[in-house]
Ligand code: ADP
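What follows is a single chain, given as structure tokens, in the form predicted alone.
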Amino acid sequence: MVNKSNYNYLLSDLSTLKGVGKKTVSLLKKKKINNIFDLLWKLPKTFIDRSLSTKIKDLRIEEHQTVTIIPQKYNFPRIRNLPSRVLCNDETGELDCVFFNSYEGYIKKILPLGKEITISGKVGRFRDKYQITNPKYVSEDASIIKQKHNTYSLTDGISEKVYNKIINQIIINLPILDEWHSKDILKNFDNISWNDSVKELHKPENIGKYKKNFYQRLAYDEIFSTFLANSEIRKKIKKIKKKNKIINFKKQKEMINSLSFILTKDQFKTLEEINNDLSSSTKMFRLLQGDVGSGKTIVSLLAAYNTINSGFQVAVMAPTEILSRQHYSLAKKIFPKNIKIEFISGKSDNKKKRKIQKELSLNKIDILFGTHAVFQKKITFKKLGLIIIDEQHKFGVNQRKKLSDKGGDNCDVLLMTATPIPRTLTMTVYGDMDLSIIFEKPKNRKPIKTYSKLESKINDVIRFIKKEIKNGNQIFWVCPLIEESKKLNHASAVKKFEYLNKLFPNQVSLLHGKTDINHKEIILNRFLRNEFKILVSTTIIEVGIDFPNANVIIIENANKFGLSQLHQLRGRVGRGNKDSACILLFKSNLSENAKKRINILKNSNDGFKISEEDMKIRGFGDILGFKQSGIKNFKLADPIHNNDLFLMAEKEIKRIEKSKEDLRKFKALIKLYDRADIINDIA
């Protein structure tokens, strides 16, 4: 018997459900449905109305219909693999019920001769007679069948009938939970309870009714639980007391004056925000967000310089060796000679690694650059004061929390990302962190001119890049796939390399996901040294490496990429002081949305604006295709369509923080929405 006031039922294993065996559990877990609560958000796509009964003479072929019949005669074949047939009729005509792979006893049990039976299924026609093959719903009790039945995007091996039975079982046993929201919040949703909201959500007639109170209430629960977790993490980090850094503003000014460029107002503003954190007695846990080419790196290096001058060590990590080396080279170029700078990666030889490990532990290295090797267990710092992580947008809340803990109490944490996302998403994804944003681009950066071109006009593109190469420039040529695909009509990087290599012998190289990591670094470094002119690549060149001499990027099948991804790819050029161009190649049969996306990109170089526009184009629940960026893909809530709910949740969290409200009333919410591992000390 289910305890209806206990949320633990919802967190129970799927095997506790009646009629759910090991095979069904395994099939559901493949769809990331791990407990009863997960099943609640597997929403119906459409429904079939079986409530209306039809006479045999009025049946419509290829439609799901309900009919009350009387079985008259069995036909069980002696030859294997032939179907069994049951001749049935009503007062208007005849119909065959056809069964494949069903036992004789089962058929006789569900369709006893001479009894009135109601069946439902898809109607077919064979030899001028109506038939229903393997009817899904068969019963002497017509009321069981004459209902609206939901249809789902099912896992292979689970029938619609079984799935509906499982969902209905959960809805019947749904616990009545104590309300966790205030009366003021509930007014916004007509005071509907969580229990009633879930029931309404699964009614066939409510499919797609996103603006109804039950849907809004449940979407708000999702958003609010995320914000609550983020709030608690922020509070925990702020409670950590650290030794404050003493900022030497004279040395900072000397460093800034020595640069070959002038910092923007946004760079000065974000540097000041970071300095305030560094010099405070509470731990910094900050995200530095900026569009491609906005100058985040120099701000982070100035923060590193201030930390070193305060007597602490710094660790700087980037996802690839070439990007990490790029930061290392810039630091060597701008930092005074008395600052000891080192670099480490997985490819560093053991002798060098041991030397670095020893010098770090003795505080003889001021700043260490590297890939993930920076955070290996053997790497221990004597006095680590700042961790900088570049392009680590794949870090989730839990990973960031562990990273913050690893540095120790005196270590500040600065993360950087070039993925501009709208405020509602920033509140969700990075709500556990303080945020600094660089909107302004450096004055010497010229806007990248973006063009669209039909694939059939490729000869025009070839003439253009011949001219660019003649002027000493380099070109990126991006393709969606590595090899030819029979299913997808996309350009192949391999085929394109072969094509271009014939036109530009010894001036083309190829890079893709299957390229060996060591070979990849060699190719990128050769391109950086201008040893060849065209780099044919898949999207692996997306992350922020500077190639100052590359001023043209050509992206094939541009309509197959997400708009934000296209903007990130476009940012690979325009890093120098030359005029730059991005050419989007596409086929003639573009969808309206694809045309809109290409036009948005042609008309703007602002990543934040592009991101907002991209989300407006997409449908409800389709959140940017940003899964690869670690962005939480809500099951119900949508950052654009539910913007008001995000703002409501933000306001409520601020109220709770100010009033220091007891969080124990949110225990069920926290547990159900899988935040318990993040804030696990709520009693």
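So that there is no doubt, residue numbering starts at 1 and follows the sequence shown. It should be emphasised that the depicted structure is a prediction, and the values quoted were computed from it without experimental measurement.
Same protein, other form: the form predicted in complex with the ligand, not shown, and the subject of what follows.
Any idea which of 196-204, 219-227, 73-81, 444-452 reaches within 4.5 Å of the ligand in the predicted complex, heavy atoms considered? This holds for exactly one stretch, 444-452.
Could you check which residue among L590, I176, L435, I262 gets a heavy atom within 4.5 Å of the ligand in the predicted complex? Contact with the ligand in the predicted complex is made by I262 alone.
Which residue among E321, D412, D291, E556 has a heavy atom within 4.5 angstroms of the ligand in the predicted complex? By the 4.5 Å criterion, the partner-contacting residue is D291.
Just to confirm, T297 within 4.5 Å of the ligand in the predicted complex by heavy atoms? Residue-level check for T297: yes, a contact with the ligand.
Answer yes if any heavy atom of D546 is within 4.5 Å of a heavy atom of the ligand in the predicted complex; otherwise answer no. Yes, contact at 4.5 Å.
Do K496 and the ligand come within 4.5 Å of each other in the predicted complex, heavy atoms counted? The answer is no: K496 has no heavy atom within 4.5 Å of the ligand.
Report yes if any heavy atom of K236 sits within 4.5 Å of a heavy atom of the ligand in the predicted complex; otherwise report no. Looking in the predicted complex, residue contacts with the ligand do not include K236, since no heavy atom lies within 4.5 Å.
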